[in-house]
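Just one chain follows, in the form predicted on its own, and it is written as structure tokens.
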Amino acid sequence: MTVREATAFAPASVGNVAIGFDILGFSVEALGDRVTVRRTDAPGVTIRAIEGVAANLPLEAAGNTAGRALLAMREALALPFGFEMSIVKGIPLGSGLGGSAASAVGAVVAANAVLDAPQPQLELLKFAMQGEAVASGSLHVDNIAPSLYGGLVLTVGIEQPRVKQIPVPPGVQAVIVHPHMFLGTREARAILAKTVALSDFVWQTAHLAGFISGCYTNDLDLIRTSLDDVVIEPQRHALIPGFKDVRAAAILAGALGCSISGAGPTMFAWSVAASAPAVREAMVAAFGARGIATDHWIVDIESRGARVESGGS
């Protein structure tokens, strides 16, 4: 019997992870989007409703990340039926927590549950990428991949992406602090220089390699040394009021590293579990000193990715 309707949850995510611009990210289970997809006899994709913390979004499928992802799925698979969906946003817009990616991922995971021949995760990744491009203006996967797969994820390639889940040392958690302000992804990408100095390229490459090596070998000192963005963060930090104070407070409180989540303004830190509450308190206080209210979480980095909550097999 064909399943006609399914609801999927897709978690938020931290993109870039400081040193992996557009290729590295990790999932944030504390919040996410829920997407319900119903199979329809009529072709096309219809968005029935968008609710939650970010309801003022396009209802036209082609201009919506979730809608565009389902249009890409229909086209690629030559489906003889259509989709109707509703979205409940749990991720604030312009937060740097992968809200556009989560909607696209939730849509393709829910739609996959109503297909006659469900597709593998890698194909779902490609469909969701098409949706993410609506919001950011380019194809990148540092939010899509962790939201779909869960945990810390490295993705290499766009046309034929290769996805690798990276282990996280035991006892390491992430502190997520979201200041109550909006920062658009397109704006944050527009300020970036198109070229990088050779010395910065060498240091950033060394930091990315050192960070991943530290994750595989449980070398916290190497992670601490390597979790330092010398390319993107220096260009973007001015967009976040109090960034330097927040970062300094996190490090002083014992964080392994602290940087911008995706395009910002949310900031994240990695910390051993024993220090995580102090790191969170320090970051929140630093924002508070500038009169900026925040939402904040301490999360396990190795967590589940998107999944069907109802209606799937």
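For every residue, the number given is its place in the sequence shown, counted from 1. Every value quoted in this text rests on a predicted model; they were computed, and no experiment measured them.
Keep in mind that the form predicted together with a further copy of the same chain is not shown, yet the notes after this line are about it.
Asks: Name the stretch: of 187-195, 95-103, 238-246, 114-122, exactly one has residues whose heavy atoms fall within 4.5 Å of a further copy of the same chain in the predicted complex.
Replies: Of the options given, it is 187-195.
Asks: Each of Val45, Asn56 and Ser86 having a non-hydrogen atom within 4.5 Å of a further copy of the same chain in the predicted complex: is that the case here?
Replies: None of them does, since no heavy atom lies within 4.5 Å of the partner.
Asks: If you check Val231, Leu79, Val134, Met181 against a further copy of the same chain in the predicted complex, which one has a heavy atom within 4.5 Å?
Replies: Looking at Val231, Leu79, Val134, Met181 one by one, just Val231 meets the 4.5 Å heavy-atom criterion.
Asks: Evaluate Leu154 for contact with a further copy of the same chain in the predicted complex, applying a 4.5 angstroms cut-off between non-hydrogen atoms, and reply yes or no.
Replies: Yes, Leu154 sits close enough to a further copy of the same chain in the predicted complex that at least one of its heavy atoms falls within 4.5 Å.
Asks: With a 4.5 Å heavy atom cut-off, would you call Leu208 a contact of a further copy of the same chain in the predicted complex?
Replies: Taking the distances in the predicted complex, the answer for Leu208 is yes, it comes within 4.5 Å of a further copy of the same chain.
Asks: Contact between Ile212 and a further copy of the same chain in the predicted complex at 4.5 Å, heavy atoms?
Replies: So Ile212 counts as contacting a further copy of the same chain.
Asks: Should Asp221 be counted as a contact of a further copy of the same chain in the predicted complex, where contact means heavy atoms within 4.5 Å?
Replies: Yes, Asp221 is a contact residue.
Asks: Using a 4.5 Å cut-off on any heavy atom, which residues of 10-25 would contact a further copy of the same chain in the predicted complex?
Replies: Going through 10-25 in order - heavy atoms within 4.5 Å of a further copy of the same chain in the predicted complex - the hits are Phe21, Asp22, Ile23.
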